[in-house]
Structure formats: C-alpha cells, structure tokens
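Presented below, as structure tokens, is a lone chain in the form predicted on its own.
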C-alpha cells in the first residue's frame, strides 16, 4: 500500500508540474501577444486553458481517490490537501491568463495608449513566482517558498505604478479610456496571479512543516 501511495504521489507531483508549465506558457503568450500586437498568440492561450482544465479535473479526481482509499493522516494528509489547493490556484491562474488574452484582444482593436507601463516585467515576475513555488513544492524547499512570498510586493508595486500612470492618463484622454482600462485590467489580473503563486508557496510551507503562514500569522498544526 505504501508503494502505491508513493507512486500516486509521484504522479500527482508530475501532473502539478505539467499543469504549472501550461500556466506559465499561457501567461507568457497572453502578455507577449499584447506587446508584439500578435493576435495569433491569443488563440494559443485558449488551447492552453483547455489543457489546464483537463489537468485540474485529473488531479482532483486522483486526490479524492487517495483520500477515500487510504485516509492519510498527519504529513501525508497535509500534502494531499496542499496538492488540492495548489491545483485550484493553478486553474484560477489559467482563467486569469484567459482574462488577460480577452483584454489584450480588445486593446489591439482600439487605439494605442501612448504612456508606457511595465506589463512585460510584471509577467516575468509572475512566471518566476509560479515556477519557483512549484520547484519549492517538488523539492520540499521551504526557503525557496519563503523567497516567493517576498516577491509579491514587487508585483504589487508594479500594479500600483500602472494605476498611478493610467488613471491620470484616462482623465486627460477621455477618448482612450477603454484602451487604458484594458491595460489596467491586465495589470490587475497579473497581480492576482502573483497572489495565487503566493498561496502555493504558503501551501508548500504548510505541507512541509505544518505551519500556517497565511495572513502573516504563524500557526502550527500537529
């Protein structure tokens, strides 16, 4: 029974990493399509979302089967619960990548905003947070998970800077409000993806140590 659990756990980890790879690609393609003004890349985001959704269902079903059959306790239970939560965060990031693609498509149909905000940098930071949070999960690396938590502030700062630039721009350029709003919504979705990557890092710490670090409050479970 122990061998079977280890094999299923290995497969779950592989599925989570595969799903995370699809999420990274979706984020990259959605934002690159905007900066390169390439609508064809937006179609790929929807194809990636389909793969993400398929993995989401597969992982959830496997976790439920393991819980029902083995009734794991302590560290094993924490790990399965963490996988379920990570799975949900990745699926939501896929949804938000699609939101970015919709806003990018709408933006490309409108006149271009003349001010610049650093969406490519936001996208890069978010993708790094996704990648490193999943590496932390795979390697049970709580130090790396803590580093991911610290990067959320940098994404928040870029989102706030986008608002500081675009809100005055909209007031001065009422004919370009819709285009500027598209960029604001993209920044907001990227910021939400960073929050989900932070959630994953928190789940890694919980699975490895039993410590709940959500909301900046440490609480250890047995």
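What you see is a predicted model; the values in this text were computed from it and never measured. Residue numbers count along the first chain shown, from 1.
Only in words, not in the display: the form predicted together with another copy of the chain, which the text now covers.
Asker: Examine residue 189 and determine whether its closest non-hydrogen atom to another copy of the chain in the predicted bound form is within 4.5 angstroms.
Answerer: Yes, residue 189 is a contact residue.
Asker: So, in the predicted bound form, is residue 199 in contact with another copy of the chain at a 4.5 angstroms heavy atom limit?
Answerer: It does: once another copy of the chain is placed as it appears in the predicted bound form, residue 199 has a heavy atom within 4.5 Å of it.
Asker: Would residue 36 count as touching another copy of the chain in the predicted bound form under a 4.5 Å heavy atom rule?
Answerer: Contact with another copy of the chain, no.
Asker: Is residue 67 close enough to another copy of the chain in the predicted bound form to count, meaning some heavy atom within 4.5 Å?
Answerer: Contact check for residue 67: yes, within 4.5 Å of another copy of the chain in the predicted bound form.
Asker: Looking at heavy atoms inside 4.5 Å, which stretch does another copy of the chain contact in the predicted bound form, given the options 23-31, 49-57, 150-158, 36-44?
Answerer: Only one stretch qualifies here: 49-57.
Asker: Looking at another copy of the chain in the predicted bound form, do all three of 15, 124 and 162 come within 4.5 Å of it through at least one heavy atom?
Answerer: No, the whole trio is out of contact, none within 4.5 Å by any heavy atom.
Asker: Considering 144, 108, 77, 115, which brings a non-hydrogen atom within 4.5 Å of another copy of the chain in the predicted bound form?
Answerer: Only one listed residue qualifies here, and that residue is 77.
Asker: Of 156-194, which residues get within 4.5 Å of another copy of the chain in the predicted bound form if you count heavy atoms?
Answerer: The stretch touches the partner through 163, 167, 170, 171, 174, 177, 178, 181, 184, 185, 188, 189, 192.
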